[in-house]
Ligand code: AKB
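As structure tokens, one chain now follows by itself in the form predicted on its own.
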Amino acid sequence: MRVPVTLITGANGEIGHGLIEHLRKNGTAVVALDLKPIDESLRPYCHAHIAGDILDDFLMGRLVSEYEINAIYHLAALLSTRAEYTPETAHSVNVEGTLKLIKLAVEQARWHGHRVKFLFPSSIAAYGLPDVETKNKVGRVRETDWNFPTTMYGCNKLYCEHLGRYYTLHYRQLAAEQTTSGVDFRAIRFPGLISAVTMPTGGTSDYAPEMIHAAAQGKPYACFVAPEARIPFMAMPDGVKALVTLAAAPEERLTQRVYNVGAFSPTAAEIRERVLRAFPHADITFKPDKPRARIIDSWPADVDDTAARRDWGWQPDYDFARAFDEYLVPTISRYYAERK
């Protein structure tokens, strides 16, 4: 008998940590997959943990044969900054890897006879505004507006959204025998996600957590965007909450397959001010890196998440003040205090 499980790819990442703990508390059997061995802290929460590449066809075959996969949270990706240095590799991982997992979901649905939920974290990188003037003028951006990404990562995410919509709604529409794929694809365009329990890894939106980590260590930090740069952010617990809430929503209530979610949208200067409240002696300056800053300027200042609030009751728990004062600053400060 194959064991019914939920598959999480990219399990070692920021979202994976919180998601695995949440699902296990609810009694879900989790198979965690990552390119690197799964963190020791996560292993007790997993039914199985696998170090492997989502591009490995042998691994895909093993998953099909050993498990009854009822849901897939596809978190594995080559993120925006690194993707700009290796765009072809990013396309292979982000697009071809996603397509392999969608095909896995199709096979699983045929095998066990019911639909497989496919949860996909997309990104505000799917947007592309031409200049800061336009960005400031349009304000909150809807899912159907300004879909002109300027990064390979954003292009990958936008295309995978369309792949998921195709497999869910239009699969093999000219075939003699009309059949559904069995895939129930649901995507969230996340803002910049800030975690208190994993280290920033140099991502394009990581200037916010980098400020806190530097301040907590007493190290100077030169922010790579201008003080007035603004994009939406979200505390990691709300990111996990958004995924599991969307996953639990009845399909008949969903009016679209891709949803914005928002929480707070400060400028880099406002983030600095909030960090200085907690660390008054922190040395935080601004030294914009033009290429990275230009990417931030192409992303919306805020997103319109009306559809998510209407269709599946989206509501963040953390606003700007609470995210920093109750989650980020205390947790990160405690981490460095314990290491002294």
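Note that the structure is predicted; figures quoted are calculated from it, not measured. Note that residue numbering follows the sequence shown and begins at 1.
The same protein also exists as the form predicted in complex with the named molecule; that form is not shown, yet it is the one meant from here on.
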Notebook entry, point to check: Which one, 85-93, 141-149, 120-128, 252-260, holds residues whose non-hydrogen atoms are within 4.5 Å of the named molecule in the predicted complex?
Noted result: 120-128
Notebook entry, point to check: Gly203 near the named molecule in the predicted complex, any heavy atom under 4.5 Å?
Noted result: yes
Next item on the list: State yes or no: in the predicted complex, is some non-hydrogen atom of Gln108 no more than 4.5 angstroms from a non-hydrogen atom of the named molecule?
Entry: no
Notebook entry, point to check: Would Tyr153 count as a contact of the named molecule in the predicted complex, using a 4.5 angstroms cut-off between non-hydrogen atoms?
Noted result: yes
Notebook entry, point to check: With the partner left out of view, is Leu79 within 4.5 angstroms of the named molecule in the predicted complex by any non-hydrogen atom?
Noted result: yes
Item checked: in the predicted complex, residues of 268-297 near the named molecule [heavy atom within 4.5 Å] -> none
